[in-house]
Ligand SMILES: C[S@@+](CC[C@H](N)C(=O)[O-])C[C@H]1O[C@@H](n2cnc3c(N)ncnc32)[C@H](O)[C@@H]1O
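Read the single chain below, which is given as structure tokens and is the form predicted alone.
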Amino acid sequence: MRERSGTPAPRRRILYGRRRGRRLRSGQRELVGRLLPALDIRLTPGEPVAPAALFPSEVDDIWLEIGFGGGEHLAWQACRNPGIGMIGCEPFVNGVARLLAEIEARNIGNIRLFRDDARLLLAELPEDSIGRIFILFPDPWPKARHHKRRIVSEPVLSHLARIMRDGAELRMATDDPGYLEWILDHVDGHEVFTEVSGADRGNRTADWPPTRYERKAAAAGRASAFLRYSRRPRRPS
């Protein structure tokens, strides 16, 4: 199969759902004001993002999490992979504040944050620059009229295919059966991605910690699916 040519042009900002929950406590507001400016990724029109340059020291690879929620998975990966530069996308300020608390408490230096529509960042990342991507428990938008809001979509997959290195891994998880079917339909049928051989959709790997969303689903009796795909080589050997 041939890869689709090109990727969609950058879209205007489209964010659904809340950007803020309950009012931040004074300590959280102080942390956001003090720590966030040094970690925040700002896009400049006409200037592509240089991922490695976001970090103060040389990194072995760049990993990206889209929609990190409270940040527990991102913090876990950053602590256990200090040589990896971690980029987290999350517009929900309360989740950002929780992650900032973890970053300060654990002195994590290899995380950078993008607090806007992740698709804006994807459009500015260079080709062949990301070694692993996580999309864990995204909002399923279960109503049919809202399916267009789902982050797993043809335009987003095209951007992921462009920015991922050959052999890079795409990890996704959901507890929603309808969204699982949607993901399988979009990713299994995509010419650029292939499911990792031997991957167990019913279980996480040892280097994939649980999130609060997974625990919440389990408490409600919902099973979660864990999906792993790799990016096919651009030029087959």
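Just so it is clear, the structure is predicted and the values come from calculations on it, not from any experiment. One rule holds for the numbers: they count along the sequence shown, beginning at 1.
One more form of this protein exists, namely the form predicted in complex with the named molecule; it is left out here, but the text below deals with it.
- Using a 4.5 Å cut-off to the named molecule in the model of the complex, not one of E169, R201 and Y229 places a heavy atom inside that distance.
- Of the heavy atoms in W63, none are within 4.5 Å of the named molecule in the model of the complex.
- In the model of the complex, at least one heavy atom of T211 sits within 4.5 Å of the named molecule.
- By the criterion of a heavy atom within 4.5 Å, A118 is counted among the residues contacting the named molecule in the model of the complex.
- Contact annotation for E124: none of its heavy atoms lies within 4.5 Å of the named molecule in the model of the complex.
- Of the stretches 105-113, 124-132, 157-165, 137-145, only 137-145 has residues with a heavy atom within 4.5 Å of the named molecule in the model of the complex.
- Residues of 55-82 lying near the named molecule in the model of the complex, listed in sequence order, are E65, I66, G67, F68, G69, E72, the criterion being any heavy atom within 4.5 Å.
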